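Alright, two takes on the same chain below, each alone as structure tokens: structure 1 and structure 2.
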Structure 1
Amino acid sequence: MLDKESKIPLYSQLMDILIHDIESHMQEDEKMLSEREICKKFDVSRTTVRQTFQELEREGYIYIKHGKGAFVTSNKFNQNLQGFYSFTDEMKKLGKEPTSKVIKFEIITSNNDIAKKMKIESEDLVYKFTRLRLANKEKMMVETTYVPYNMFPGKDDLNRNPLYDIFRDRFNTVVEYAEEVFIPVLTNEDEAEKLNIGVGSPSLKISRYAYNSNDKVIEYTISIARGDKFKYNIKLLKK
């Protein structure tokens, strides 16, 4: 199967064979053969197998758990950042059923920190709610959202989805643009428990500031998105 006369390095040939296996018949999170088994099966050195695994990991085909071996990476939902997106709409496009579970819902008096971020006055009232977002009942992300109370009085249904439909239909307010900041983080105990994944799992923290046509912040949300479920892509143009 490996051609020792080929100009393509052995680790690189082995890589193609394993990628073919992964793509043709392996499942997400399925364990790969061990380094030792691959050495034997393909008659290559341990060094070659290590290099193959390292390249496969870098290219995103496998993930390596220290002391446990290598596993097939799960397919990720590919979120396009070319324009404004909502979890609900994106999941529907994929034919998945988006649902939300409201974990907490409060109206609080904002402190300086939140006030500064939302460009409101300290002591202004804000809705604060935490939602678990699911796709086909699978836990995908956990979000904490702040919305200025004064702009959207009447708390009865603001915690129901989709938030932007409520903004539009009940308050005639449309999100014109948003700013997002992305930081890779490890899930803490609380997030891990809510998402039902391990503490310290790689995830993306996304802070979103959504604005209306008067440049008012109408939503400030911090999301923790599972790193095994999402990837984010963007097209960059020459300036």
Structure 2
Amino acid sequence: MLDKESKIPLYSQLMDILIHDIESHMQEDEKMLSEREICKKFDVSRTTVRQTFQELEREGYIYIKHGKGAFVTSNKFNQNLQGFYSFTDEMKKLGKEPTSKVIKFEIITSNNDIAKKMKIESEDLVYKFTRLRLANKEKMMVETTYVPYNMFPGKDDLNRNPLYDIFRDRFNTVVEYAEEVFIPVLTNEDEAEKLNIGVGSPSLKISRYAYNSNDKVIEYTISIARGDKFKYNIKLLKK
């Protein structure tokens, strides 16, 4: 129970209790007690409960559906950015079954923007394909990838094998390093439909440039990762 004589604010004490409940026995998307029920159970004001819910939502423990209540947030996949990673490998490490669904596949003539990003000549041919990435059949991110035309065998292989495996096995090419840019965004209508989330939901836009040993860009990918499914961390070392 709450200690009303403590110097610790009531909302903070209540947060600790609810976090313990969430972490110890509650399930993803399980509904929390209502504000009224918590007020009665802990003998606190509606203002205290609302402040507690606001902090829990800000810390990522719950999400609130207006008119329906508060619910336990789904577990987020924790991605360490200190080393090279791939979606397929990371999901396997977590015991998840990664799958990809090719939504669109085409050969296009690169415009000036794509040519500049990939360090190729304008109007060079490139493969462009959009994939839906899933873990245990749950939609996680949508990716649009550009690959030089002379470095890719075709759509059939892509449906069966990870892109980097194709690079290695079919072209004897490996990704030596990659650069990524992260930008928080709100999902647009098309992305929301593909990911089965609400329009305007928070997501992370990730632009990846993958290079081979000759410093040639062999992949340029724009990913939209669901904000409720991923979190990223990096360890910063003092020079």
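For residue numbers, the reference is structure 1: its sequence is counted from 1. Each form is matched to the other, and the largest set of C-alpha atoms that superpose within 1.5 Å is called the rigid core. Just so it is clear, the structure is predicted and the values come from calculations on it, not from any experiment.
As summarised for this chain, the second structure is the form predicted on its own, and the first is not.
Once the rigid core is used as the reference frame, the Cα position of Y11 differs between structures 1 and 2 by 2 Å or more. For G60, the displacement of the CA atom between structures 1 and 2, after superposition on the rigid core, amounts to 2.6 Å.
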